[in-house]
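Okay, here we've got a single chain as structure tokens, the form predicted on its own, with questions on binding and movement later.
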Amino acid sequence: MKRFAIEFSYDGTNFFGYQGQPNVRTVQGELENALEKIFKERIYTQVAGRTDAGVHANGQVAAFNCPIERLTARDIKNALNANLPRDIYVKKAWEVDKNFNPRFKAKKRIYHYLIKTDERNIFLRNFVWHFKYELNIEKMRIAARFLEGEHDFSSFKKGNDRKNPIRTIFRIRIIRLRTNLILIRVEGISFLRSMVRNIVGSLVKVGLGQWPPEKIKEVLELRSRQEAAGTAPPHGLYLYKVIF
């Protein structure tokens, strides 16, 4: 039996996250519903990373078995896009090894977070964090360096996340894309639940001047979620790319 991987994007606004759940709309649920329409049987998928409600993806990756041997990668892409809702789009498909699992094969995951620091634009309300105060990105960059490398990120996890808090962040870049648009790019192997959003919330405290950059190192070393700042809203976050 063939096995395919797909890279796809989605607008997370109207989803209760990626992972399938009963009685609510999820990305996994819509993807597997589309596969069922194509193959006339339930096809289960494996994914590179689960996103929370309201979080978007530019380059999410999932894999699944294909019970129809004659189908090509192009057939898979076209058939899925014909059956998926308008807020999910398959960018490409390719055949993979029968044991390919994107969750375990991923070598790097890249997240982008967008902050807009001017008056609210209602047409962007679901895609950026509107934050009307100016941020000092030079201080945020200094603070971000304390988070790079392998650390215990207990201070930046979701409270009920029981996974191993030891994670590796390769790099954090903070870029002013336009006068009032800031991109925070976080590259790592894997992340705890809400970890990127909690990091963003704390970096914003530094950007506001409420914390000195060195406060991030202190928060990290205390290993307590209570020490970090509040969680940034989900709609500014994108799973940008998964590298294998």
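Here the structure is a predicted model, which is why all the values come from computation and not from measurement. Each residue number is its position in the shown sequence, starting from 1.
One more form of this protein, predicted together with a further copy of the same chain, exists but is not displayed; see below.
Checked against a further copy of the same chain in the predicted complex, the residues R141, R125, R171, K158 give one hit for a heavy atom within 4.5 Å, which is R125. Interface residue among E134, E119, D97, E150, judged by heavy atoms within 4.5 Å of a further copy of the same chain in the predicted complex: E119.
The stretch in contact with a further copy of the same chain in the predicted complex, judged by heavy atoms within 4.5 Å, is 49-57, chosen from 31-39, 195-203, 181-189, 49-57. By the criterion of a heavy atom within 4.5 Å, Y89 is counted among the residues contacting a further copy of the same chain in the predicted complex. Contact check for Q19: every heavy atom lies farther than 4.5 Å from a further copy of the same chain in the predicted complex. Taking the partner from the other structure, a further copy of the same chain in the predicted complex has no heavy atom within 4.5 Å of any heavy atom of H112.
Remark: F4 does not count among the residues lining a further copy of the same chain in the predicted complex, judged by a heavy atom distance of 4.5 Å or less.
Taking a further copy of the same chain as positioned in the predicted complex, the only residue of 211-244 that brings a heavy atom within 4.5 Å of it is Y238.
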